[in-house]
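Let's start with one chain on its own, the form predicted on its own, as structure tokens.
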């Protein structure tokens, strides 16, 4: 069995990375969003948003594994989180959408005309879907979501809400009556985190993903988002590794490149080991999500938590090895650390996901023990 990416998958990831490099404002020192629209249009022209759309719906019909390296490139290039959210929404429509929803959404999703932001987090409610207070009652949605990345630029919101005591996903137009979007002050303004309030917003039956018949779409959302965000964060970690190694080759001290000093070599080597370990964890989560395996939740949470830790540590190491320059605004290393911290907290922080991994592992062991007893 071949666990390596094929040439087409590697080429796609490299192409996305090269395209984003044409928009230097994405990674420039200033926390600007001026090139977000241009980068989005370029990615749409490239066909990124059609990759996960099935062939029968005029898409390319690729799987999550096929786009794993592209997601990593999005993280390294600090592309707007709205890009990742739209890809996640596309995969959810593919898996759970009704025929009518697929016919209505796949066309504009594939061309990049439809931008989708995911409204999940609520203030003080944690990550568990059953604890969320935003609810649909009498056909109307009420509640408030926070940290909704790109909501001010999105065409639609994919909202997690309680509906008849069940967690459901509902598509809501950002311009609908009763929807209020307010930008939030945050560590990374370029991530465009917003607070979105819903005041009696009418929700038609066809707005509920899959008809709202089960909570499976919400569970899948959490796993898909955790997996995709692990790819984004490991992309940041790898960019910090490459930037630091290149700096160590050229920065001289005492007449020698600092990369020749043993202590710097060890720190760069440690970063490289962590990045490769994180990649393996992330890629395994992509595979489990693509296959919808029984280990999907466990591997998604493991990847989200582990890669977030690695990205944060890699950013900190990069700043330290750059010395005094690393703390200056002009080096722009702060951009990566800011984004890594925002991604770390989205869709569950590392502590929550580590607890989930433990719970899934314990449940698996108990199931195996029960099966052995029954067999005996």
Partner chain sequence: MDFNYTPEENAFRMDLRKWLADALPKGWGETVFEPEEEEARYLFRRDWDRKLASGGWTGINWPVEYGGRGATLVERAIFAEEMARARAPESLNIIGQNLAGPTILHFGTEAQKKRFLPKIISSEEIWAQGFSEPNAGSDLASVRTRAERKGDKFIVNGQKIWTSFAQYSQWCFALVRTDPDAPKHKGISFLLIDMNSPGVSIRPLRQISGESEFNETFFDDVEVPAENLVGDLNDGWRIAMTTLAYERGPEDCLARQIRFKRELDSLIDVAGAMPMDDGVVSDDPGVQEDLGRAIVEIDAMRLVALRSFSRFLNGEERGPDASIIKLYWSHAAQRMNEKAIDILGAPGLLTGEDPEAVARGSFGMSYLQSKAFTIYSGSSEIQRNIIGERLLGLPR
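Positions refer to the first chain, counted from 1. Predicted model only: the values in this text are computed from it and were never measured.
Heads up, the form predicted together with the partner chain isn't pictured, but that's what we're talking about next.
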Contact residue in the model of the complex, chosen from 96, 198, 106, 306 - any heavy atom within 4.5 Å of the partner chain: 306
Listed residue that, although the partner chain is not shown, lies within 4.5 Å of it in the model of the complex (heavy atoms), from 181, 135, 176, 257: 257
Non-hydrogen atom contact residue 249 with the partner chain in the model of the complex at 4.5 angstroms: yes
Distance check, residue 283 to the partner chain in the model of the complex, heavy atom within 4.5 Å: yes
Heavy atom of residue 65 within 4.5 Å of the partner chain in the model of the complex: yes
Distance check, residue 239 to the partner chain in the model of the complex, heavy atom within 4.5 Å: no
Proximity to the partner chain in the model of the complex (heavy atom, within 4.5 Å), stretch among 182-190, 274-282, 75-83, 204-212: 274-282
Candidate site 268, 355 and 361: all three near the partner chain in the model of the complex by heavy atom within 4.5 Å: yes
Sequence-ordered residues of 290-306 touching the partner chain in the model of the complex, heavy atom within 4.5 Å: 291, 298, 302, 306
